[in-house]
Structures are given as C-alpha cells and as structure tokens.
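The form predicted alone is given below as one chain in structure tokens.
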Amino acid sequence: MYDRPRFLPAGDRAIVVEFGNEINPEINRRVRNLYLALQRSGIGGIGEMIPTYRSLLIYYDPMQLPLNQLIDYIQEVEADMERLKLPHPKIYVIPVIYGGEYGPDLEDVARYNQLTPGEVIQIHTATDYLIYMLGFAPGFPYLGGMSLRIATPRLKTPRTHIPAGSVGIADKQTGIYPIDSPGGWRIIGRTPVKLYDPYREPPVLLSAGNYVRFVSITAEDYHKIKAAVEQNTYTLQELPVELGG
C-alpha cells in the first residue's frame, strides 16, 4: 500500500487515484471510502466513478473542475476520510445448490485438490467473502478470501454459455455469473437469486465493501426460492458482520 495515493491522468476528462499495487483488503477499503466520500460531497464537475481492487477512476468535467483543483479536493477528502461515518458492511447470504447439473465441475475441482465434493462444499461455504469490486458483467462480484485448498485453474476451453446464477472458481477466486454469458470458470453450483435484474431498483443486487456467505441448499429449496424470486416475493437474507464472525 502506498503512503500517499498516486494521481494518474486518464485522458483529458478522467483521473485514476491509485492506493497500491496489490489485492489487499485495506487498500480496497480506502478505495471504497474515497468513492463514498466523493459521492456524498456533491462537488460540481465530478461525473461517474468506477472503483476497482486498488484504484478509483473518476470522470470529471474540466470546464467546471480543473484537474489541479480536483486533485486538491481529493487530497482534502482523503486526509479527512477516517472521520467520516461510512456504512457498516453486511453479509449477503447466497443460497447455492452444489454439483450435478447445477455444478458440472464440482467433481473436477475436488479431484484436482484431492478432496471429496463434500469437502469442497464445506470449504467453499466456510468463508465470508469480501466483495472487492463489481465488473465483467452487470453485478458480477469479484470475491476475495477463498481458501487455496480449493483453488483450481480455469477451463482450457471456455464454455459458450454459462447460466445466470452459476457459482464458479477460477484459480484463487470465486464468483457468481449474474447473467447468461460465456465463461471459463469452473462451475460448482448455482444460486436461484438474481444478481442482476434490469426491472429492479437498483438493478444490481450486491455492492462492493460488503460480504457474501454461500450456504448449501437442496434441490427442493432451490426450486422454492427460484419460484419466490420469479414472483418477486423472495427477500435476500442479510446479516451484520458482527454476527457473521
């Protein structure tokens, strides 16, 4: 982590504020805090902002806010961020049916790591995963904290169709496909919860800075929850981090 953030111009209407050069929870916390602090500031001239693992991309209008003024303002906000009352993180509880037609790569992941499928599920559900950022597809969460005991390389040949809700592993990462798409992650299960729905407000279910906890469910549970999701009667369980351990 850098002692002070780096400011990297990205064309004539954007700047990258970089806090470090590694995947690190503290670096990511500083990125999210700056994002929230600038959102609250209401300063004119700041447009869309895109948080990533270790930096924040800020679009701005140079006619309203010259670059040097923007940097001065960011430095003021960044220096005072620790005193801000920012939202406390929560845990999203994501039900997942593992294996079978829903997780065709579960047995391969187990075989690669010399585990049983049940042990893979136990390890995968034993961690609360920090949502570092969203990207790749609308609402796709990049999750940190997966055990190296179940780390598995991506598929050599990606699939052309991965169903929405599929839960996958790629090397040291795990994530959830929010929409139908191609993909090369090893699919170990599927959730009936919709991570992205263009007719919902907000359309994206999860948000960076919070956590995901996977829980294993039966086929009967899966179909009940799926029916409730389709009828808009399903409420995602959320827990405070204190209760999650």
Partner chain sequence: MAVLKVEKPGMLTTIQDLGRHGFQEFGMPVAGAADEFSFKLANMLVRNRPEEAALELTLAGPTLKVLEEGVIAITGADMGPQLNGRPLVMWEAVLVYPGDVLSFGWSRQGCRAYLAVAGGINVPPVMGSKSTYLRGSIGGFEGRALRGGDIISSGVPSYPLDELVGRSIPPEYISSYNGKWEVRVVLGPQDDYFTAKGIQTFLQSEYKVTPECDRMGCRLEGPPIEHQKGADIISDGIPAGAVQVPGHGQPIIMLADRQTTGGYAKIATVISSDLWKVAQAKPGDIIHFRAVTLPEAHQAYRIYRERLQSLPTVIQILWNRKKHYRIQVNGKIYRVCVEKMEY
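Keep in mind that what you see is a predicted model, and the values were worked out from it rather than measured. Positions refer to the first chain, counted from 1.
The same protein also has a form predicted together with its partner chain, omitted here; what follows describes it.
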**Prompt:** its partner chain isn't shown here, but in the predicted bound form, which of 169-177, 139-147, 112-120, 153-161 has heavy atoms within 4.5 Å of it?
**Reply:** 139-147
**Message:** Test of understanding: in the predicted bound form, would Pro192 fall inside 4.5 Å of its partner chain by heavy atoms?
**Reply:** no
**Request:** Indicate whether its partner chain has at least one heavy atom within 4.5 Å of a heavy atom of Phe214 in the predicted bound form.
**Result:** no
**Prompt:** Taking heavy atoms only, is Val16 within 4.5 angstroms of its partner chain in the predicted bound form?
**Reply:** yes
**Asked** So, in the predicted bound form, is Leu34 in contact with its partner chain at a 4.5 angstroms heavy atom limit?
**Response** no
**Prompt:** Is every one of Glu48, Tyr53 and Asp61 within 4.5 Å of its partner chain in the predicted bound form, counting heavy atoms?
**Reply:** yes
**Item:** Partner contacts for 1-33, taking its partner chain in the predicted bound form and a 4.5 Å heavy atom cut-off
**Value:** Arg6, Leu8, Pro9, Ala10, Gly11, Asp12, Arg13, Ala14, Val16, Asn21, Glu22, Ile23
